[in-house]
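To begin, one chain is listed below as structure tokens, in the form predicted alone.
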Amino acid sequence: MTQYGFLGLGIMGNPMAANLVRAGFQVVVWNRNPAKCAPLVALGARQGGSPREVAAACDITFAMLADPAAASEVCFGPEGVLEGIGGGRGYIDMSTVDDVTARTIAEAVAERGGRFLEAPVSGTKKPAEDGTLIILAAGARALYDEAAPALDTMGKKRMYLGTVGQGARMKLVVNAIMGGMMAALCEGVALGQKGGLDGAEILEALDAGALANPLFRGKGPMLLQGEYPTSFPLKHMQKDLRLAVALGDELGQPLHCIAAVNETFKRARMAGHADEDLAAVFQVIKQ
């Protein structure tokens, strides 16, 4: 039976790894804070001592990390993945990073005799728990095919996008659009409420027409309640918007709307909402 590793057990990684274990896969887990491994071990996973140890012991190792810095540290740092990869073993990084970081990791893994696939996901905590993520993969096609059973356990749809970097770019496009939609919803609700409209009726009107969508349906009630339980941390959305703006610079594509939305999320992060759900951007918009 294929042995899988899973590095990073945060808001997304924990339920993703749990779905693999519950589906009967053999999984070795690691997290920077070892205590987060305990619930997975209770489910039947085995705990690894380092990324190097996990990568050396497993046929395919997944990673779900916070940002490019964390992805690079887990790969290149002391006791990192590079020290354990090789022999044709696979490394699938599902973190949201920029295309340059993805290619740098891919090249290093290949030089050590491993295979690499980037596979960032579209979806937040609930889809991660339900196994309904959308997986945006690029890189080693054979590894993509080999990992299909595990990928299909974590997601409801997967796309193979070609060479490494294209998965990262697709994820940034998706999240840039989502950030813009979130900011537009917040501005619209704030405008309506200041104009004397009932917030619930604003959401009802949106949901009845062409603007109906799962994002508004899920986040809209948070705006009215003023409570933002974290499904997708605001700091991670701001990171993704920043990376999208940088990609626009790289490709010479003007991003007037996305750049403005990035500044709004940046202000919300600096105002103390970094660890709340991305819907908390409403707190600075309504002011």
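Numbers for residues come from their place in the sequence shown, where the first is 1. Here the structure is a predicted model, which is why all the values come from computation and not from measurement.
We do not show the form predicted together with another copy of the chain, though everything after this point is about it.
Only one segment in the set 38-46, 22-30, 57-65, 215-223 has residues whose heavy atoms sit within 4.5 Å of another copy of the chain in the predicted bound form; it is 215-223. When contacts are defined as a non-hydrogen atom within 4.5 Å, all of Lys157, Gln166 and Val261 contact another copy of the chain in the predicted bound form. Ala70 falls outside the set of residues with a heavy atom inside 4.5 Å of another copy of the chain in the predicted bound form. Using a 4.5 Å cutoff between non-hydrogen atoms, Leu136 counts as a contact of another copy of the chain in the predicted bound form.
Using a 4.5 angstroms limit between non-hydrogen atoms, Met270 touches another copy of the chain in the predicted bound form. Of the heavy atoms in Ala244, some are within 4.5 Å of another copy of the chain in the predicted bound form. Contact with another copy of the chain in the predicted bound form, judged by any heavy atom within 4.5 Å, is made by just one of Asp152, Glu201, Asp130, Glu111: Glu201. Though another copy of the chain is absent from this view, in the predicted bound form it lies within 4.5 Å of a heavy atom of just one residue from Val121, Val74, Ile105, Ala183, which is Ala183.
For the partner-free chain shown, nothing in 60-76 comes within 4.5 angstroms of another copy of the chain in the predicted bound form, judged by any non-hydrogen atom.
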